[in-house]
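A single chain, nothing else alongside it, follows as structure tokens in the form predicted on its own.
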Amino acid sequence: MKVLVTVKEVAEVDDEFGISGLDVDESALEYDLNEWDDYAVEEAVQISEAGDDVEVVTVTVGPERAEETVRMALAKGADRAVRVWDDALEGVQFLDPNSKADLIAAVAEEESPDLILSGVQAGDDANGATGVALAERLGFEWAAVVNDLDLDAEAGVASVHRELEGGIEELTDVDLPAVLTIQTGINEPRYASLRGIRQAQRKPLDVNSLEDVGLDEGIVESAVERTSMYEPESESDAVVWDGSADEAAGELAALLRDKGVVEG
């Protein structure tokens, strides 16, 4: 059995940051594995540990810098990785879910996985659409926002719990091959051990261009365009009182009386 896991490197912004052109200044960014994808990796590794002859492969779309993030997934138990990047992607403002789905689908068609796990969303753009779009490209069944998974590989069925609106939870069976988007809380992602980190350096990480996966530069074309980037102005001011707790409490009480929140 083969489980393909989509992983993404996401940027976390410092409290103090500046805008450079149409993006946050690079000096204010730190990169890490997307939180939702971390849970998807853990779920795949647990499937591998519970079954026989299960291979876990990660796929990411990103520049060379992203290999540190990919290696972290390998250190947690994935067997090998595929990274897709190309000069044509360098100048793109961002890839929309359709383009990402096309890129990952091209890899999936080569890998022929039985199951694809993806995080529900990414912490940077929060589109929450790539996994479902991927399933449509491949013609796979799918289930989104999965918070519990019971896999019967021999029967080719995944029994899942998934979150719906209004606090409703659905229990349904999904026939394999399938794409499942994984919600946080489905498991407890493990820390990468020192041994795992060392082993990850020796695990295969293949880098593919657009040509390698059978696509051309037209894949990056998008109807979405970023036209501006700015830090929104604050709509209110914070009041900070110095002094002891008693003095601050008195100041707060006076302010609330002035605002009509409490009676004098």
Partner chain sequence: MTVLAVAEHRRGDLRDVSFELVSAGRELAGELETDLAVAVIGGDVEGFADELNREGVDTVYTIAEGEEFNHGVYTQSIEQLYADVDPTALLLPNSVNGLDYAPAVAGSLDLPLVTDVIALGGGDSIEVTREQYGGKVETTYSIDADRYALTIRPAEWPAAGAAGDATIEAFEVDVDEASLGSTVNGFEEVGGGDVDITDADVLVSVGRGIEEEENIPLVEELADVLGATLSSSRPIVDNGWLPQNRQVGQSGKVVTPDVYIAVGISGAVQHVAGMKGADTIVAINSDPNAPIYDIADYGIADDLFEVVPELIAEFGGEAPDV
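Numbering follows the first chain given and starts at 1. Quick caveat: nothing in here was measured; it's all calculated off a predicted structure. Definition used throughout: the rigid core is the maximal C-alpha set that superposes within 1.5 Å between two forms.
In what follows, reference is made to the form predicted in complex with its partner chain, a form of this protein that is not presented.
Novice: Under a 4.5 Å heavy atom criterion, is Arg83 part of the interface with its partner chain in the model of the complex?
Specialist: No, Arg83 stays farther than 4.5 Å from its partner chain in the model of the complex.
Novice: May I ask you to state whether Ala126 is within 4.5 Å of its partner chain in the model of the complex, using heavy atom distances?
Specialist: Residue-level check for Ala126: yes, a contact with its partner chain.
Novice: Does at least one non-hydrogen atom of Lys203 fall within 4.5 angstroms of its partner chain in the model of the complex?
Specialist: The answer is no: Lys203 has no heavy atom within 4.5 Å of its partner chain.
Novice: Taking heavy atoms and a 4.5 Å cut-off, does Gly218 contact its partner chain in the model of the complex?
Specialist: No - in the model of the complex, heavy atoms of Gly218 and its partner chain never come within 4.5 Å of each other.
Novice: Given a 4.5 Å cut-off on heavy atoms, tell me which of 83-91, 108-116, 134-142, 68-76 is the interface stretch with its partner chain in the model of the complex.
Specialist: It is 134-142 that comes within 4.5 Å of the partner.
Novice: Mind listing which residues of 225-240 have a heavy atom within 4.5 Å of its partner chain in the model of the complex?
Specialist: In sequence order, Glu225, Arg226, Thr227, Ser228, Met229, Tyr230, Glu231, Pro232, Ser234, Glu235, Ser236, Asp237, Ala238, Val239, Val240 come within 4.5 Å of the partner.
Novice: Fitting the rigid core first, would the Cα of Asp96 be found 2 Å or more away between the shown form and the other one?
Specialist: Yes, because once the rigid core is superposed, the C-alpha of Asp96 moves 2 Å or more between the shown form and the other one.
Novice: Aligning on the core only, does the CA of Asp14 end up 2 angstroms or more away between the shown form and the other one?
Specialist: No, its C-alpha moves less than 2 Å.
Novice: Quick one: core overlaid, is Glu165 moving 2 Å or more at the Cα between the shown form and the other one?
Specialist: Yes, the C-alpha position differs by at least 2 Å between the shown form and the other one.
Novice: Closer or farther apart in the model of the complex, the C-alpha atoms of Ala105 and Phe94, for a change of 3 Å or more?
Specialist: Closer in the model of the complex, by 3 Å or more.
Novice: I want to verify one pair: Gln93 and Ala105. Are their C-alpha atoms nearer or more distant in the model of the complex compared with the form I supplied, knowing the change is 3 Å or more?
Specialist: Closer: Gln93 and Ala105 approach by 3 Å or more in the model of the complex.
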